[in-house]
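Here you get one chain, nothing else, as structure tokens; it is the form predicted alone.
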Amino acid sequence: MDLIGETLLFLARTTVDVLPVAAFLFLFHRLILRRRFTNPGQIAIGFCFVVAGLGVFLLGLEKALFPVGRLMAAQLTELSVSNSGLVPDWADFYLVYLFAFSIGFGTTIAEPALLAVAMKAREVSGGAIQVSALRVVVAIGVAIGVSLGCFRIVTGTPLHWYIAAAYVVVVIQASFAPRLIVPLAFDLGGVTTSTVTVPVIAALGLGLAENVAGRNPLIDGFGLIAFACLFPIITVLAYAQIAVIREARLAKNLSDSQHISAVESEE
């Protein structure tokens, strides 16, 4: 009964949140565009699906993903501290870093928003951009970012040091990367933090900050999502730069081989 009551409560809250958006779209369509909806029945059914899906999703976050993320962080932290024997050092939390890397990679691969953007990028580029390769590169960036964010929580170092240094790297990379990949890289950094990734990473950061001695969850528990947004930009730009260098080398080798063949034919 409690679960049913909480489900109805989440559905009611979701309805209240979605109604203003739906009302704005309806009024704009009627008053500004001055057109009628051609399929009001389908729109009403879709609205009900949106409300139901969001409500159940939020309930699932509250009941499953957040508790699991905090529990894993607490257990890994306890294991790291117990294995250290003395005052734990940052290196004793290697299991936390490994778990953070794995969860960052896995949730990003499963992120539907990333898949949608990667498919559109392949469509626009005429197949030059591979969906699977792009997803793996972005997932590696998120994994590195989440692991580094956990290292920051364990050590207690200021967040802005990492963010400032990472943005310096991004600016330098963007100056030399192919112009076609730069906007896509920044978009991919944003879509990684969506429905699947954010709840797990946020729960991991809060759980880790709650269980590491001397850390404040409000100050140290947040920031992992910023890492998850920023580091995929670095990896995508690096991937594009490596691809350009590789193509240049292949073109140079082909040109050299053709020149050698031409000289041998003349002889």
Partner chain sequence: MAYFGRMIVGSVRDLTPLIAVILIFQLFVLRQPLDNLLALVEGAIFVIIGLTLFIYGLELALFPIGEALATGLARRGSVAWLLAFAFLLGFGTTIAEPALIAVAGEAAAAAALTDAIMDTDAARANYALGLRLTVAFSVGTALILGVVRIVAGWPLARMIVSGYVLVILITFLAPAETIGIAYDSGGVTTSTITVPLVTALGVGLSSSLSGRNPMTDGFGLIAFASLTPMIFVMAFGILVAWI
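No experiment lies behind these values; they were computed from the predicted model shown. For the two forms, the rigid core is made up of the largest set of C-alpha atoms that agree within 1.5 Å on superposition. Residue numbers count along the first chain shown, from 1.
Although not depicted, the form predicted in complex with the partner chain is the subject of the following passage.
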Heavy atom within 4.5 Å of the partner chain in the model of the complex, from candidates 148, 139, 129, 170, belongs to 170
Residue-level contact is defined here as any heavy atom of the residue lying within 4.5 Å of the partner chain in the model of the complex; does residue 196 satisfy this criterion? yes
Quick one: does residue 79 come within 4.5 Å of the partner chain in the model of the complex, counting heavy atoms only? yes
Is residue 89 part of the interface with the partner chain in the model of the complex - any heavy atom within 4.5 Å? no
Taking the shortest heavy atom distance, is residue 250 within 4.5 Å of the partner chain in the model of the complex? no
Those residues of 16-32 which, in the model of the complex, come within 4.5 Å of the partner chain by heavy atom: 17, 18, 20, 21, 22, 24, 25, 26, 28, 29, 32
Would you say residue 125 moves its Cα by 2 Å or more between the shown form and the other one, aligning on the core? yes
Residue 11: CA shift of at least 2 Å between the shown form and the other one after core fit? yes
Closer or farther: C-alpha pair residue 62/residue 112 in the model of the complex, relative to this form, given a change of 3 Å or more: farther
With a C-alpha distance change of 3 Å or more, do residue 120 and residue 39 lie closer or farther in the model of the complex? farther
